[in-house]
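For reference, the chain that follows is the form predicted alone, supplied as structure tokens.
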Amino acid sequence: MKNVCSGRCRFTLVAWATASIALAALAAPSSLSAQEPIKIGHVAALSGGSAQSGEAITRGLSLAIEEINAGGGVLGGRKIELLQRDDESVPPKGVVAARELISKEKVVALFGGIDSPVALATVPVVNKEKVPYMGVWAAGTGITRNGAEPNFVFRVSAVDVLVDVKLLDYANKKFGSIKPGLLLVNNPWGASNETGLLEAAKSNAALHIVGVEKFENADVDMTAQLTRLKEKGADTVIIVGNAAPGAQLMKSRERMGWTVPIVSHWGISGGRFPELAGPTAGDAHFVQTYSFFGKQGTIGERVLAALKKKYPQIKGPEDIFSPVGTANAYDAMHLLAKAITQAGATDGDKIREALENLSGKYEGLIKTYDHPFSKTEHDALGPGDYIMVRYDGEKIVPTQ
């Protein structure tokens, strides 16, 4: 009996051990999968004239991701990992980068950069691949209002069609403008604003746009365009362009000795505008969504302190370049993390649905978000979230 029991026990032990090994083998991939990081992509201008914008966005994303990971990550402890690619402000390069991050790196979501043409070229890709895309700078109206159903493109940033109303209203109230002239970059972003500005002017009988001029990103002299606007009686010039051409516009204006007020979209804050434009840089008043100047709320104080700690060169608000990129990206990353948590998965369609139906309020840097998106509204910010600023040396300071 003893020998039989001994053999039977040995068989039972061997069978139990074999089953345990098999179960462990089956369980291991699942356990490992639960610990794999959740990859988030960012395609933006990380070099060239608009590199500051990409770096500003990187800072906002990095701070938010560090906070999220320090708090335990998402989906049972999975950390978020940021993967970045440089689009060099060139749409085809942005599309290639987006495809590579989606197909090779298997990113769960993508963040965009400053350039509307790049974002507009990327929109069909993310909608086809069902990968949520979060715009945090590019303001082209058609980025989010792209006609796709379902639409995977969201934005925590300004929207051209709303900014255009703000710019004309500001020119009228701040400078008494009734005859604004438009000077716009000759690309889809400029076209988006041309449509928006002309439409916005129709709602104000006191305003009459006297002329529309275009320029190329590589232009180094805009005297001809400005001269034509001056001859038509323009009493302000509304500009839409990035830092380098914006600076050339200011230099051309200075050479002409024309002191016409300049009201600008925010592209000029994405690069070395004050350095390139010279002493008249402060004459350009432009739109933003956030300022680190003035009394900060709890979140603002926390983010400012974190920026100072992470980037020793930042001693105060005056050292934060392109603050809109940092602020928009910070809030957008937290909103995306909340959507992933609510979705309970990394599936793109589920994250999109969660973004459209985010529950509860989120106290962000720019504002407190309460159901920021819906099935038909994918822009989290509106005109009430815009402020006007100017350069004071290298500092961006409010004008109001």
Partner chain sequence: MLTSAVITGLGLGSMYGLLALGFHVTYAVSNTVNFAQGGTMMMGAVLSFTLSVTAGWPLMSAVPVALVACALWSILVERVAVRPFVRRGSNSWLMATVALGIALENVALFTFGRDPRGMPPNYLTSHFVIIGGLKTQYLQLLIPLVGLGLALSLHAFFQHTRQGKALLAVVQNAGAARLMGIDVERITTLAYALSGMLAGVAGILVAPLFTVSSTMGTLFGIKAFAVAILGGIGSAWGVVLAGLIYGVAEALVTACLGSTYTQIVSFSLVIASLTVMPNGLFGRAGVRKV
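We call the rigid core the largest set of C-alpha positions that still match within 1.5 Å between the two forms. Positions refer to the first chain, counted from 1. Please read these numbers as outputs of a predicted model, since none were measured by experiment.
There is also a form predicted together with its partner chain; it is not shown, and the following applies to it.
Comment: its partner chain is not present in this chain, but in the predicted complex one of Glu318, Glu301, Asp221, Glu81 has a heavy atom within 4.5 Å of it, namely Asp221.
For the candidate set Arg228, His208, Lys310, Lys174, a heavy atom within 4.5 Å of its partner chain in the predicted complex is found for exactly one residue, namely Arg228.
Contact check for Thr341: every heavy atom lies farther than 4.5 Å from its partner chain in the predicted complex. Using a 4.5 Å cutoff between non-hydrogen atoms, Gln296 does not count as a contact of its partner chain in the predicted complex. The closest heavy atom approach of Ser47 to its partner chain in the predicted complex falls within 4.5 Å. Among residues of the shown chain, Glu356 is not one whose heavy atoms approach its partner chain to within 4.5 Å in the predicted complex. Stretch 47-55 is the answer when you ask which of 331-339, 367-375, 47-55, 64-72 has residues with heavy atoms within 4.5 Å of its partner chain in the predicted complex. Along 199-216, a non-hydrogen atom within 4.5 Å of its partner chain in the predicted complex is carried by Lys214, Phe215, Glu216, in order along the sequence.
The Cα position of Ser269 differs by 2 Å or more between the shown form and the other one after fitting on the rigid core. In the core-superposed comparison between the shown form and the other one, the C-alpha atom of Lys232 has shifted by at least 2 angstroms.
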